[in-house]
Structures are given as structure tokens and as C-alpha cells.
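Consider the single chain below, provided in C-alpha cells and representing the form predicted alone.
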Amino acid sequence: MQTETASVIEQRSLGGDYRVLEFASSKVAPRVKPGQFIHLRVDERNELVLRRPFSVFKTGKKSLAILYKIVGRGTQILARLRPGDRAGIMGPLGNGFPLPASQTFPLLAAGGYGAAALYLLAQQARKKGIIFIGGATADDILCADDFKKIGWKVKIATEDGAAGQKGLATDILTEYLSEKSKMRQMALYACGPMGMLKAVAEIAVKNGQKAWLSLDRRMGCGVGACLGCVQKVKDGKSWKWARVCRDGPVFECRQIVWENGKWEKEK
């Protein structure tokens, strides 16, 4: 883990409330692995006490970018940053995605800006796969061109039917697996709302596949000290608390104890 004060290189809009923010980063950026995150101090005047966690979207040798949505005071302040402004970065943090084995065909499922957390995985995977991107509207479909540029197939679903197929990302993932599941060894990776992650877990278990899920939690410290982001995970025949920031944010779906205990009972 490194800390550094990083200068903003670029802030650009992706439409709606979505933004990409790129920082100069010589210490953190070269160490980032797919699925890891940074903790960002968004207010140098110390009006906001806690840092904010953001998945790393892209990295260069001396730069990194995050993709975020303006949803509250912290991200409103973040949206005001301009080239040359500075912010405190701590990272890379957490355990990210394991890269798929060379013989494994990777399938990614993303909800909204969850696509950003999957980009480095797609970029570093030895085999090109398919990403299923879902959103409420066309404005919520993000990064599709980024994945296409690195040779991935992109399938889109929107709840209002304005782009791609009408429905959810997990609907088109299910349709694909119903046709292809016996043809090759696969691995699933997902990032998005908890309901979507649970659906991906159900799909993976049904099809006998592994699924690596990136959980999104409020994180006070980012290093496992405050216990503000805990998640129930299996521990033999019982369960224990795991710290999403330090033990995750990526977990294999069979590790997770879902709120209704469904997976716990099935095992």
C-alpha cells in the first residue's frame, strides 16, 4: 500500500452524472491489480473526514483513472476538481480478481458503473470473452466501447429497452449460458448492485461454474480497522465476519452468506 498526493490530469463527463477522473500517480498506479481499489481524500479542507473508496478503472505507468457517479456531497466535491488540482490517494487496497486460467473462457457481468471495476481484468485476461452490461436506461450503459477496443464482445440489456435487449444483464447472461454452457469451461466475474451479484451467484451455482463477485460497501478506513464494511462469509459449517475492504472486495460466490441464508441452507 502506498500513499501519495496526486494531481488531476483530466476530468471528463460520460453523460448524465457519470464522470471519469484521471490522476498522475507514480506510486499507486504501477501496483494496481484488477479489482483493487483506492481510498481517496476528496476534500483537502478537511470538511469531509472520511476518504471514499473507488475501484480503479484504468492504469498507465504513471497514471490511474476512476469512474464514478455523482451521488452525494463527496462526489459533488470530486466533480469540481480540475486539471492541476490535487487529492490524497491511498492504495492499491483489497484483494482483486484472480485472472482466468488460459483454458477458461471469461464471462463478465456489470451493472452500471460496475463495468469500470472489470476493465483491468478484461485487459489482462489471456483470452477475450464476453461482457454483459446492464443498466436502467441507455445512459447507464458504460464502458462498452472500451471493452470493444480491446477485443471483447459486448452484450447490453436495459430495463427500459432503450439500448440492447430489454431486461437485466443477468437475463442475457442466462440466455447465453443456456446455449453455450456445455461447450467450454467458463469463469464468471461480476460487479454491480447486490441483487445482481446474488443473481449471478445463483446462475453460477446452477451451471456448476465459479463466480468472482466484487462487493460494494461503505468503507470508513479501507484497511480493515473500523469494521464498517463487514460481510458474512462461510466458515466451515458456521459463518464469520469478513472485512470487505481487506478480505475482499472480491469473493467467490459460494463464500458469501446472503441475507436470507439461502446459500447457507443449501450447503
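All residue numbers are counted from 1 along the displayed sequence. Since this is a predicted model, take the numbers as computed values, not measurements.
Beyond what is shown, the protein has a form predicted in complex with a small molecule; the following relates to that form.
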item	value
Candidate from Pro83, Gly72, Gly195, Gly151 lying within 4.5 Å of the small molecule in the predicted bound form - any heavy atom	Gly72
Partner-facing stretch of 159 to 167, 112 to 120, 143 to 151, 128 to 136, counted where any non-hydrogen atom is within 4.5 angstroms of the small molecule in the predicted bound form	112 to 120
Leu50, Tyr68 and Arg217 all contacting the small molecule in the predicted bound form, non-hydrogen atom within 4.5 Å	yes
Proximity of Trp212 to the small molecule in the predicted bound form, heavy atoms at 4.5 Å	no
